[in-house]
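Given as structure tokens, the chain that follows is alone and in the form predicted alone.
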Amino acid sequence: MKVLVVGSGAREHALVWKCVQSELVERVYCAPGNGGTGGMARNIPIGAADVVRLVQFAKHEKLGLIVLGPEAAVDAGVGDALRDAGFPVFGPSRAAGRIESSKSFAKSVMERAGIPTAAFEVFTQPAPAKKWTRERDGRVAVKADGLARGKGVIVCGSVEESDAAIDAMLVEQRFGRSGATIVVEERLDGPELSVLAVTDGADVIALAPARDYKRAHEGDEGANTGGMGAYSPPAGVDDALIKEVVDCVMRPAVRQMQADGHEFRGVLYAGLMLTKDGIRTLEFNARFGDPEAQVVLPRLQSDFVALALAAARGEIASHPDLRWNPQACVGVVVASGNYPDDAAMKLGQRIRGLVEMPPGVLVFHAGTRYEPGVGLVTDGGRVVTSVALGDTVAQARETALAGARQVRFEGAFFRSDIAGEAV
């Protein structure tokens, strides 16, 4: 069959890489793709949210499966239009995708499904929001309700910080319409955990867990980003904990969505915190996480396309158990200078070192493109993810960091403490 992966990030590069390995696949396309996906698939110059042209392309090529990568494609209704046209789609409808595109909607689902989460309130005006945060000494997380590319969360430790975060969203409108409504929730403490599960709207299959690093700089300093690295499996996470997550978080969410008439097919991602009082759900995403996909997919030994088709067709119950590589996997993101400040980033920088990677390094491209006469140049905040497997987390981490050091362009930086807690 022919498969289309929609998107242009490192997550999509990892998905393309996995699809190419399937015996079910004749050809893989990526729309719009990046400087790395073009080496193993055919890049199609169609935007991830261009519904009309994506449907036209699917019909012309008689596609056998479409995999939705980014939240923008889900929110644009790409899955709805393709399903209406008769194509199997691995990715949710726009209505089901609201579990990511609206933080307040996600919190409502959690409340009704009895999913453990932080205490919260929803606000559109700064004064009542500030009153609520002062009652908690400013120890809150202020979240833009809408999509903000992983950057719409400000974690605060004082009233001054929470007031500034509320003003940034509701007064200064720093996140535009996405921040016109905010969710303010109590600040939680503990290690974070990412659990992704494949679902056909009724049944759930958990994937290997991961832990990502959101802050831009080492020691968890700096602004929130889309993710600066990840590793799998995380320290301190066992099968019993994953079963608890599936039983208390994933299945209740899928069942609640189905009861609400928003059947969810694809990958449901739960961002969790392991507090002293137990699991708490921070957020849901309606697709593979990035950079989690880059460390989970290399460990998956089962045929990903067969799994995605089973979910798209509502046949998860009959799918065989997944097989996993017991090795650990670590991914380190190499980013453009000043990321995540879009206005301060200087793009178009020539990238060197990718052909001189140490043995065992996988490089998944994100913000890259080919410039005629120049070669590969930077085209985004997160440029590439250096990924490696190893018999131990320490071994995988050492190799992934060696790959990250090899990536050279003006302003390049990465966190050298990714997975350090497990070493």
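All values reported here derive from a predicted model rather than from experimental measurement. Heads up: residue numbers just count along the shown sequence, starting at 1.
There is another form of this protein, the form predicted in complex with ligand AMP, and it is not shown here; the text below is about that form.
Asks: Note which of Asp80, Glu283, Asp303, Asp75 lies within 4.5 Å of ligand AMP in the predicted complex, where distance is taken over heavy atoms; exactly one does.
Replies: None of the other options qualify; the answer is Glu283.
Asks: Could you spot which one of Asp220, Glu315, Asp137, Glu192 gets a heavy atom to within 4.5 Å of ligand AMP in the predicted complex?
Replies: Looking at the other structure, the residue within range turns out to be Glu192.
Asks: When ligand AMP is placed as it is in the predicted complex, which of 129-137, 184-192, 257-265, 170-178 ends up with heavy atoms within 4.5 Å of it?
Replies: It is 184-192 that comes within 4.5 Å of the partner.
Asks: Answer for Arg98 alone: is it within 4.5 Å of ligand AMP in the predicted complex, judged on heavy atom distances?
Replies: Arg98: no contact with ligand AMP in the predicted complex.
Asks: Check Arg251 for me: does it contact ligand AMP in the predicted complex (non-hydrogen atoms, 4.5 angstroms)?
Replies: Heavy-atom contact with ligand AMP at 4.5 Å: absent for Arg251.
Asks: Even though ligand AMP is not shown here, does Ala118 get within 4.5 Å of it in the predicted complex, heavy atoms only?
Replies: Taking the distances in the predicted complex, the answer for Ala118 is yes, it comes within 4.5 Å of ligand AMP.
Asks: Residue-level question: is Arg299 within 4.5 Å of ligand AMP in the predicted complex, judged on heavy atoms?
Replies: No, Arg299 is distant from the partner.
Asks: If we check ligand AMP in the predicted complex, which of the residues in 146-171 reach within 4.5 angstroms of it by a non-hydrogen atom?
Replies: Counting only heavy atoms within 4.5 Å of ligand AMP in the predicted complex, the contacting residues of 146-171 are Val153, Val155.
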